[in-house]
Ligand SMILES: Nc1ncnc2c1ncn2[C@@H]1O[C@H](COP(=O)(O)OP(=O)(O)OP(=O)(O)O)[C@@H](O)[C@H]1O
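Starting off, we have a lone chain in the form predicted alone, written out as C-alpha cells.
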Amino acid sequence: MQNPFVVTGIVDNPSFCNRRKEQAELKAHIRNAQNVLLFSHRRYGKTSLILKVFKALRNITPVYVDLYGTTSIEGFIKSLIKGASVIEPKSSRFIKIVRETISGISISFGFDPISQTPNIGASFERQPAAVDIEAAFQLVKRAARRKKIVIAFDEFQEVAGYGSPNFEKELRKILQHHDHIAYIFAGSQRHMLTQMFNDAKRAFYQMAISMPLDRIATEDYIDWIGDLYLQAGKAIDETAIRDIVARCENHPKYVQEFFYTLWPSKKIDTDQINAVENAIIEKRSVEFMNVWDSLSLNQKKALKLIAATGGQQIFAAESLARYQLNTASQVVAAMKVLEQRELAAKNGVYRVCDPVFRKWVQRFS
C-alpha cells in the first residue's frame, strides 16, 4: 500500500478523514438551494470537502470556481467561465454558448499538459460591466440546460480587493434572484469573510448560512489512522496517534504531514515523533521568519505572549511585564492586526492559528 497521507493538493479517499457531519450538512443545504458561507483557517480541507461533496451529488450540476489570485471583475468572469466549462463536454458547443451569451469577449479552448485539464482562455475587448457579470451567470444556466445547479466560489474574499465598491452590490443584485441555485461562498480568511457577511453595511449581509469548518476530532483521527495502518498490515499504538494529533492541535494539514513522514517507519517511538516534529518546524522556518520580520515590535511581543500562555491571563500585569508591554491597550491593538492577518484568533481566549508557527514562536519566548 502506498503512502495514504497527503501533504499537498486536494485530499480524497483514502486520505480524506471523516467530515461525515459536514458532508451531510453541506449536501442538505445544496439540495434545498440554500446559500452557504463555508470558512476555515488555511489548510483545514475546505476545498477537499467541497469537491468530495460535489462528486457525490446526483441530479445537481456542480460548478467549482476558484477565485484565488483574481484581482478584477474580468478575472472573476474568466474564473466563472472556466468553472462552467466542465458542464458542457463539447468544447465547440461551450465556446459557441459563451460567444452568444457574453458580448465583446474572445474565447479559446486548450489543454494544460501539466495539470492534464482543459484550459479556457478568455479576454474582453473592453472593460467588463455589470451586464457582463449577469451574462456570465446566464451562461452557466444555459450550459447546465435547466438542471439544478450549485456554484462554489472558493477564496471568495478575493472580491473585496477588486477595487470596485459597487461590485459586491451588483453581484448580490444578480444572485438574490437565483432561488433555484445554491451558492457556496468559501474562503480561508475568516476575518474578512465574516465582515463581508455579518456587517449590515455590506452587500452580502446575511445572504448565506454560516458554516465554520473546525478541526477534526481526535477520535475520528484515531479510527481513520488506525484503519489505514491495519489495511497496510502495519502496527501503530493508539497512544502514539493521540500524542501526534495533540502536538498538531488536531490541525488537518499537519496531522497529514506528520503521518506522511512517519509512514515508512516500522517502529514509532517518542524519539522518532520528536524528530519528525522538529523537522516539520525547521522546514517552515524560512516562511515563518518572513512573517515574523513583517510584524511590528508590539505584534511580535503579543504573539510571544499568547504562544507562551495559551491565551490565558494575557492582560495580567505579570504577563505584560514579562514581554515588556506597558499597557493592555498595546496588546489589543497588536491583536487586532494579528487577527486581520489570520495569525491569531479569539475563541474564548486568544491563540496562534498555526500550531507549528506557535511552536516556532515559543523558541524565542
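Numbering starts at 1 and follows the sequence shown. Please read these numbers as outputs of a predicted model, since none were measured by experiment.
From this point on, the text means the form predicted together with the named molecule, which you will not see here.
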ask   = Out of 178, 215, 141, 253, which one falls within 4.5 Å of the named molecule in the predicted bound form, going by heavy atoms?
value = 253
ask   = What is the one choice in 224, 137, 124, 288 with a heavy atom within 4.5 Å of the named molecule in the predicted bound form?
value = 224
ask   = Are 9, 16 and 47 jointly within 4.5 Å of the named molecule in the predicted bound form, each by at least one heavy atom?
value = yes
ask   = Even though the named molecule is not shown here, does residue 42 get within 4.5 Å of it in the predicted bound form, heavy atoms only?
value = yes
query = Any of the heavy atoms of residue 188 lying within 4.5 Å of the named molecule in the predicted bound form?
reply = yes
ask   = Is there any non-hydrogen atom of residue 74 lying within 4.5 Å of the named molecule in the predicted bound form?
value = no
message = Is residue 155 part of the interface with the named molecule in the predicted bound form - any heavy atom within 4.5 Å?
response = yes
query = Any idea which of 91-99, 166-174, 277-285, 245-253 reaches within 4.5 Å of the named molecule in the predicted bound form, heavy atoms considered?
reply = 245-253
